[in-house]
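Here you get one chain, nothing else, as C-alpha cells; it is the form predicted alone.
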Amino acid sequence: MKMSEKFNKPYDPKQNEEKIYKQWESSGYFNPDNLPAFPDGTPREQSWSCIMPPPNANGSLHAGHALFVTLQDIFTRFERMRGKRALWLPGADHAGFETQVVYEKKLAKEKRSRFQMSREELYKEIWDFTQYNKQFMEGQIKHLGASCDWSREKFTLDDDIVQIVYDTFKKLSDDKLLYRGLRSINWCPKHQTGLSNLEVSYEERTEPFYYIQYGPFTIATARPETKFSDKYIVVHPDDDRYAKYKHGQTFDVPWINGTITATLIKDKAGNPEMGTGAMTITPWHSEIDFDIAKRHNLDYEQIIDERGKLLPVAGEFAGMSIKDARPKIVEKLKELGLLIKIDEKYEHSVPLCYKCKREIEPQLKEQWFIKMSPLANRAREAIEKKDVKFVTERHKRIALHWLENLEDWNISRQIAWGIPIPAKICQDCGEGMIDLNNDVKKCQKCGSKKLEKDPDTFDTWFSSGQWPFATLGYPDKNDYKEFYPTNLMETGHDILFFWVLRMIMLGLYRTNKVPFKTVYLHGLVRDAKGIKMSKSKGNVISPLEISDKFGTDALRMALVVGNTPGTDLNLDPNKVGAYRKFANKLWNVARFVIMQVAEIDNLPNLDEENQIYRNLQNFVDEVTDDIQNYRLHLASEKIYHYIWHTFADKILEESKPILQGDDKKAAAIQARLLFEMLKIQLKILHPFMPFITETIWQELPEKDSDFLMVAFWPKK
C-alpha cells in the first residue's frame, strides 16, 4: 500500500469542499434512483424521504438556514448509508408578502414605488429578482454540504404546483369549506393588504384611556378617532347599572360633528369590567364590533380609509392620519365639555403588522375564507393518535392547544406577487365565482355579465401548506406513491402554526394521509451572547463567512453538538474554531493510521473478536440509537469524544509501542485493527462532517465503496 501525497499537507477546507461536492453531484447519488445495491446485489427497497422547507427566494441564507440544512442533511446521509432509498427534495418559496416587502425596500432605495407600477410590471420585476436569488441561494445550500436531489427541485410557482393549489381551492369550495364574504380583517395601511391572524404581532403598550360623555352614558375608549359614526351603545344585559334602559332605546347624543341618534344594544359581548361597562361600537374597524352588528342586524360605516386616514365623516379632521388626528380630537372634546377624564396608565395589546410594525387597522373587506374547524379536528385526531409524532412533547401540547377553536382563515392577499386567485367577481352583486379555466361568463347568482378577474393572490402559506404532496406529484406520480407520507419534517419552531400545522390539515384533507410521520422542530440561532440576530443590532452572523473561515464541517458540528431539539442555540465563532481543531485532529489521526498500513505489504485479516474492536461496535450501536431517536446533540458529541479522547489519546498511544516494536506480525495485526476502526469512525462521523470524512475516505488505500456517502453504515 502507498499513502497519498495529500497527507503531506495540513487539511485545507477551501481546497477540498467545492471539489468534493462536485464529485458527489457528478456521481448521481443524491438521486435515490441511482443508489448502489447492497454488497450482495440486493436492491434497496425501503424508502425514506424528507421535504426541504423551501427557503424564501429573496436573499441570502442566514444562520437558521444553515441549521436546518445541517440537521436534514445529517438524517438524509444517515438513512442513505443504512441502505434506504433516501430522498431529500429541495425547493424554494416565492414567499408572497415577505418577498414583496423585501422588493418594496429595494424600490424605495431606487426612489420608486410599487404604486407607480402596474401589477404586471411589478410581478415581472419580482420574478427576475427571485430567480436570481434562487440560483444564488442554491449555491449557498450546496456550500453547506446539502446532499439533496437537485434533479427534483421545486419552486412554489411551478405550473404543476400552482395547478394542485387551484385543485385544492376548488375542492374546498365543492366541499362547502370555502366562502367569500364581507368580514373584518387585519389590514396593514403601509403594505395595503389584509393579513391572517398569524401575521399580526402584538405589543404591550401603556396609553391614555379616554372617558367621554355620550348622552346619558360615559364611555371609555383608547381610540376616540373612531367615534364619528358610532350610533350604537353596547352594555351587558346583566349589568345592573344600565337595567333602567331598554334594549333598542334611542338617545340624542351631542357630538363633535353634531347630534347623533344612538341606540342601546344589550349584548353579552359587553364587558362590565372594562371602563364603565358601556361602549360604542365601530363595526367597520373592529372584529368584535362587527360580530355584534351582525347579531343585531345593525348597519356600519367606514371611518378610516385603507391608508389610515380619516374619511369625510370626520368633518374637520378628514384626511388626517390617526396619529395626527387623535390629540386634536381630544382637544375638541375638551372644548365641548365631553371629555370627563383621562386615565394615563391604560395597559393593552396593540396589534401590529409583523413585518413593518405599523398598527393594524381592521377593515371590512370581501375576502376568501376557509372554514378551519373540520380541518383542525382531523389534524388534532392525527396528532393524538400519533400518526404524526412530535420529537418534543412541549410542541405537541402547543399544537393541540392551537388547533382548538381555530378561526376561519383569510387566504386573500392584496398584493401582486403570488399565485393569482382563480376567480371572477360580479360587479353588480359582488358574488365570487371560481374560474379555473376562464369559462365563467355570467354571474351564477344574479346573471350579470359584468365580471372582473379577482385581483388578489393567495396567502403564501396556503400554497406552501400543500408542499409535501404537491412536490411529490399528487396523486399520480411515482414519487408520491413511493415517498408519501414523508418520514420527517424538520423546521423551526417559529413556523409551527404558520406552516407545520397547516401542512397537516391540508395534507389530510387532500390525501387522507398525514404529510409526514415525525416533526422535529429546532430553535432560533442566536449570537454568542444569546441575543436574537438582527441587522439593526449588527450581530448577524453569516454562515457562509464562518464556513469560509473555519470550514463547513466545523460550522456543522458547532450547530449540532449540545443543540437539543426545540431550544435556541447560541452560535459562537470560537466554538466553530474549536471544531476546526477537531477536523485537524482527525486529519492527523487518519494520516498516522494510513502511514502504518502503507508500510505493510500484506495486511492480515481483522480479528473481529478483539475487545477494542467489539467496544467500538457497541459504541456504534449507541450512536445509531441516538440518531434514530433524534438525539443528534448527543451522537455528535459522543463521536467527537471517542475520536479525540478514546481513539487518538488512548488507543493510538497504547498502540505505538506495538507498531514500533520488533514483532512485525503483531505490528501488522495492530495496524489492521486501527485501519478498520478508522473506517468505522469515518462512517459514523460522515453525516455530521461530510467533507473531511469523504476527503479522507477517497485517499484510503483500501475501502468498500468509491464514495463514503454511499458506504453502508457499520453494524454488528
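Note that the coordinates shown come from a computational prediction; the quantities given were computed from them, not determined experimentally. All residue numbers refer to positions in the sequence shown, first residue = 1.
Omitted here: the form predicted in complex with the RNA. The next part is about that form.
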Contact label in the predicted bound form: E609 to the RNA, heavy atom within 4.5 Å: no
Any non-hydrogen atom of A318 within 4.5 angstroms of the RNA in the predicted bound form: no
Contact test in the predicted bound form: R394 vs the RNA, heavy atoms, 4.5 Å: yes
Exercise: E110 in contact with the RNA in the predicted bound form, heavy atom 4.5 Å: no
Within 4.5 Å of the RNA in the predicted bound form, all of E407, D626 and W644 (non-hydrogen atom): yes
Stretch in contact, per heavy atom within 4.5 angstroms of the RNA in the predicted bound form, of 271 to 279, 83 to 91, 137 to 145, 150 to 158: 271 to 279
Heavy atom within 4.5 Å of the RNA in the predicted bound form - the one residue of R510, R580, R180, K517 that qualifies: R580
Contact residue in the predicted bound form, from R119, H401, H247, K105 (heavy atom within 4.5 Å of the RNA): H401
Stretch 642 to 665: residues contacting the RNA in the predicted bound form, 4.5 Å heavy atom cut-off: W644, H645, A648, D649, L652, E653, K656
